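The chain that follows stands alone, in the form predicted on its own, written as structure tokens.
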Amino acid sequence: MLPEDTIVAIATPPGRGGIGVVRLSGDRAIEIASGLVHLSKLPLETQHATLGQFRDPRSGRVLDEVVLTAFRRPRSYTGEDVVEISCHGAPLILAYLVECCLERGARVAEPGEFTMRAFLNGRIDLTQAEAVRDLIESRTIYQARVAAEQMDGAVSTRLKPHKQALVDLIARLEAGIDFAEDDVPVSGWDEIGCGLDAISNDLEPLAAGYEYGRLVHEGVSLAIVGRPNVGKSSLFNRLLNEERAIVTATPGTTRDLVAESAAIGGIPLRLVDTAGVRETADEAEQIGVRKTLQAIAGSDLRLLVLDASEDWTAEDSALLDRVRPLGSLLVALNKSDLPRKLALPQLGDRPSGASIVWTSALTGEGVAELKTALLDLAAPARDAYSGALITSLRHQQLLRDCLRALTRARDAAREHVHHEMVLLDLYDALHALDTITGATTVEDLLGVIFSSFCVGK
């Protein structure tokens, strides 16, 4: 890819719609667009929307009325000259408009190339570029808010003072070494140690927050399990606020897995309604039970539904024993609107981290408490994380690299190792922080990051 190339792509999703946008970026963007669009007002004003007509270059006939918006460098998304042509969202017109741009010297943009150019031209750093993709892929308002904060530079702002502190410390050590004969003072061991501790103490919670950030970014899966006719599908529908799963009074209605997505507390939740687990001679139901057991093992969370209106059964005991060792577990005592027969002591020792909620899928009683309990189970320490949130595994790994380098430097300072050795670790720590924001990076890393973007962004 050559920076002087002018690139073009359709910037709106595939399919028909009221509006479609073709975007150009590069030195010839305005020239190419002006040759295709007959403007109602000349000269072309930048940073303004101008009405025009897209005319067929071959016949001169009007194909569509469009709105052309031009942005001059550096006041554009990419930092280059950018033109956005908004026309009606007819795939044929959009494709032909791109074809005409290609005939005039543009080339098709690679996935994420507009955002990559914004990064390479210094408009945004790498954390902000990655946040663009996260915002596009958001499934909840909370996800979008976190991505918007990162696009605004929340992570970079959090790291900036620590990078500066490392630079200052490196500079003092380098000066003391290079100008030792001039009596330039070298930072004392206590001063070095205090400076490193201050940086580590702030970066450690940021790195630890990735566990919650991962949940926000990726979401969690929940398998709803129980023996037949305890109300699993009814609770599934209640959590979704829609009639997604078939509910009947006949045990064994659910034969296959039914999956749907929801959001609880801003965290995407993939709900899986499973077949009731019991011994059966029915072949279809046996297959459903096998799939249920696979879903139980493969989910992040498990919701064990019990019928509070019936006595404890051997099937309940077998199912509890099966799901207890697998990890995070929540127990719903359903049908609480009926006379209660199930006694809590029969549950035995509660699994670590599990809680019990009384619910009625019929009336909705306890469903709000169930959602809160699910959120507590998925992200128990969510309230501890405020401000910048790390949602990228790449960022978390680099933060850990930085913290390990700071620990080595702190150990070296404690042992009064020569300053040159301390500097090696300080440079490693600084390099890790720079790689997060893209101040030091390589082309291979950029290729991996931007290849996951959609074309046109």
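Keep in mind the model is a prediction, meaning the values are calculated, not measured. Numbering starts at 1 and runs along the sequence shown.
The following text describes the form predicted together with guanosine-5'-diphosphate, which does not appear among the structures shown.
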Original post:
Would guanosine-5'-diphosphate in the predicted complex be within 4.5 angstroms of a non-hydrogen atom of every residue among 227, 334 and 362?
Top reply: yes
Original post:
Can residue 356 be called a contact residue for guanosine-5'-diphosphate in the predicted complex at 4.5 Å between heavy atoms?
Top reply: no
Original post:
Applying a 4.5 Å heavy atom distance criterion, does residue 128 contact guanosine-5'-diphosphate in the predicted complex?
Top reply: no
Subject >> Touches guanosine-5'-diphosphate in the predicted complex: residue 233 (any heavy atom, 4.5 Å) >> reply: yes
Original post:
Do residue 338 and guanosine-5'-diphosphate come within 4.5 Å of each other in the predicted complex, heavy atoms counted?
Top reply: yes
**OP:** Given that the partner is absent here, state which listed stretch (371 to 379, 71 to 79, 200 to 208, 233 to 241) has heavy atoms within 4.5 Å of guanosine-5'-diphosphate in the predicted complex.
**Re:** 233 to 241
**OP:** Heavy atoms within 4.5 Å of guanosine-5'-diphosphate in the predicted complex is the criterion; list the residues of 46 to 61 that meet it.
**Re:** none
